[in-house]
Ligand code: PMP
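In structure tokens, the next block holds one chain alone, the form predicted alone.
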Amino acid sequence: MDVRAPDSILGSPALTDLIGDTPLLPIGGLREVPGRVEVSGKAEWFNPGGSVKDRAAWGMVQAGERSGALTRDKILIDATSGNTGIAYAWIGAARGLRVRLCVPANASARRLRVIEAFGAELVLTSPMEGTDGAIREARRMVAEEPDRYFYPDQYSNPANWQAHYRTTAAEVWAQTEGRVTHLVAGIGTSGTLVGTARRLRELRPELEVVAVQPDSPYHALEGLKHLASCMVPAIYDPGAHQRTLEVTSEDAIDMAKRQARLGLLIGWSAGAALAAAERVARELERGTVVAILPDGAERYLDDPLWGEGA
């Protein structure tokens, strides 16, 4: 039985209408930050799919539909470490699209279950090759049957960063009333960083953008890339940020646990962004630092690291 949605989006309002307009939360519990420095976090788990990736996935689906490359007879395929896959899966379900996702086999079990719950198909790839292996497998499948698939390729698709240029940056600017002086965001596909940074620096050229990445190839920060040891996304623009801070998995996890004790449940990559934002804020006498928090902690709670020293 075909349970895919009809051509029209079901419901009023459509689920996709709820993407964006996420809150900007004041962040407490930071150490040695001067009193005149304000640190806030953009709480992206308030998106319908629970992460910042809803924005990019919806932007890429819309671009594919507008161009005619994405039709109901095509399978949407891409590589993902989890959150973009969830975004594709629920958007695909809402729009009546088949979705097939190449995911490293060691991705969070909770994320894999969510993807399957939306009816998307999983192709599990070598955990030793990480997202690079998932990318290679998606490309192999598309090369074998190019007419069967719509391959948005989140790592190369300009619609990824453009979604953040249009929405995330505009929201940060409005929510800070133009006071934002520093943007802190992690590097995964780099779409969030690049798109938000480009627009904010058009609005405020003196704004400093700080990119965040793991400190080594071997890390626990799912969704973030250590650029020196992996395939660099085609949409990554090193000119979009003024500096890069490396964060250890231990510091990111410690920050996430610290925030949980204050009532704010965030994921590991959000913990990395706040750990970097804390370092940035310590350097300032005054300023408004905004960190992009990609997702909440719910998809990480089966990780045994939550129980270590929590």
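Don't overthink the numbering: it's just position in the shown sequence, from 1. Predicted model, so just to flag it, every value in this text is computed and none were measured.
The following text describes the form predicted together with this ligand, which does not appear among the structures shown.
None of the heavy atoms of Asp153 is located within 4.5 Å of this ligand in the model of the complex. Heavy atoms of Thr192 reach within 4.5 Å of this ligand in the model of the complex, making it an interface residue. With a 4.5 Å cutoff on heavy atoms, Ile187 counts as touching this ligand in the model of the complex. Although the partner is absent here, Glu222 sits close enough that one of its heavy atoms falls within 4.5 Å of this ligand in the model of the complex. Stretch-level contact analysis of 179-187, 201-209, 68-76, 140-148 against this ligand in the model of the complex, using heavy atoms and a 4.5 Å limit, identifies 179-187. For the stretch 31-57, the set of residues having any non-hydrogen atom within 4.5 angstroms of this ligand in the model of the complex comprises only Lys53.
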